[in-house]
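Included below are structure tokens for two forms of one protein chain, each presented in isolation as structure 1 and structure 2.
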Structure 1
């Protein structure tokens, strides 16, 4: 059973992930968010987002101990401003090309380029931010990816995707996932992901064809396969010890989740979204099974204080939280 205080690190143990949130509680959070966003004419938005994340993280527990999200509205507000500045610069460039050079083709090309160019920066920034603000049992998560390396790789993958008319997209997604996941740390625990573009491509091809032939019914099983692939390829390791993940989600489960969420949301005119979100979170947590021999009582902080890291890395424009 889940004995977190197991002293013998070589014996295998289960880890229980669960979501303890309630729809009504989350709904109250959303109502207050909405009230405050309304009376501040939308300015409260980043703070509202922080509250939502804090609730979601705070009610996710591993072996009965809760996660914690320490990001604040103030931080996210700064990110929000950065995003607006970028948006203005981008649209400004677009307008300039359109009005002065009178070249709509160039302007649209520029717009697409700018939008694609921000993706790797945004991925890097949001991983860094999210991870540095997440902790469990007092130990922070961290993201140690190298931004320049990611940007270089991303454009290489993007280039392949374009010249293969999108087929390489499966490899792009898996490569990106592998890169980001293998740079996640939880104290001295390292994460990794062994997703392969070829497998992911075949999985999606199969899903697509079956969905087509079953008039969409297979969609839920396709969803399940994707989720399973994401989860089963994830691993954690610490020295000689490790944790393996596997998904216990079923296609039927996905059907009940998604159809139920749709009904809840539609019949409550959207007010039931809080309950739908909680259902989703519970489903995800219940579907992730973890087994291994890392003793979660013996993890040591290795991440630097993020506030210091920020100082040396202040040029990182996109250290913001994205959806």
Structure 2
């Protein structure tokens, strides 16, 4: 029995990631979401977001078995209310500074500081909530990051970014990505990310220069390089076994995806966004290759549920990328 187990964990295998959604199905969800959000003056938005995530996760499959998102509109509504209160207080402070101190510069500075201040809380809350509500084969994901540690590190990285006039921004992004990814769990499987700020900075510097000299043509290959770097630096491990990720995306593929999505959205006056989103999800899943020797049948549940959705709403409101 022990010999069979050792052979099973040492044999490398491919894991197939795919998106099974259809534009017509997703459009039906989107049009209902739009209408209900409109007639409820935005109150329905958390339920709309929950339905959207449930569809996207529920139609993403690994080795032909689908993921499941159990987050609800009721949970997200509580977070939505907290976010609205924060927004009102933030804008109230901004108007007080603008009206009574008559200092537009100070008011704008306050606004930016308030926006930056919420980012680490939003990132931490969103990862913790969304991971706890995501499962695969009955095993939950989880996020074990420490909020205070992340907040302290984020403002340290932000300070370095400011004093270097934005140059350290590449390090900030990679540090944040490394921190969040290394605290993700899928049962007893640990995630990690090996992205480095110096590599990411040089990648974007090359992309900027080449895009400039090719009058924008290289932009699609720049996007391919960024996507490839994100994916290739991700790993999963369980004891002595692991899974490595690789990107098979090409610059030409990104051109066809982005140009096609633009044409679909523009020529349908926005109604084709559902098909554009589905095309994007299919492209992403088809471009991620996973290979390793983790036996999925031997993964054990370790994570608890977490139901505070404040971070989830804040991430969406400020359009912060989770990936």
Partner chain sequence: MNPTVAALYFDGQSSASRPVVLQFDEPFLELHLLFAGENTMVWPLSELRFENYGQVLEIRSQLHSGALVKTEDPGFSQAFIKAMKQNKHVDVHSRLLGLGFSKLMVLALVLIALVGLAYFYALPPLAERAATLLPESFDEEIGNIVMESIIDEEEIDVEKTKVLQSFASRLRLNNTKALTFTVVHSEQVNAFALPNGQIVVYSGILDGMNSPEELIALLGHEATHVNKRHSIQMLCRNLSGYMVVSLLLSDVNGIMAVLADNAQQLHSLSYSRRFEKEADEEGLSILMNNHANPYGMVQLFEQLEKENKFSVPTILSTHPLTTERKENMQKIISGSSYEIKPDTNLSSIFELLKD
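Numbering follows the first chain given and starts at 1. The structure presented is a predicted model; accordingly, all values stated were derived computationally and were not measured. Rigid core: the largest C-alpha set superposing within 1.5 Å between the two forms.
Of the two copies shown, the first one, structure 1, is the form predicted together with the partner chain.
Put the two forms on the same core and the Cα of residue 39 is off by 2 Å or more between structure 1 and structure 2.
Taking 2 Å as the criterion, residue 85 does not count as shifted between structure 1 and structure 2: its C-alpha moves by less than this amount when the rigid core is aligned. A displacement of less than 2 angstroms separates the C-alpha positions of residue 119 between structure 1 and structure 2, with the rigid core held in common. Lined up on the core, residue 98 has its CA atom moved by 3.3 Å between structure 1 and structure 2.
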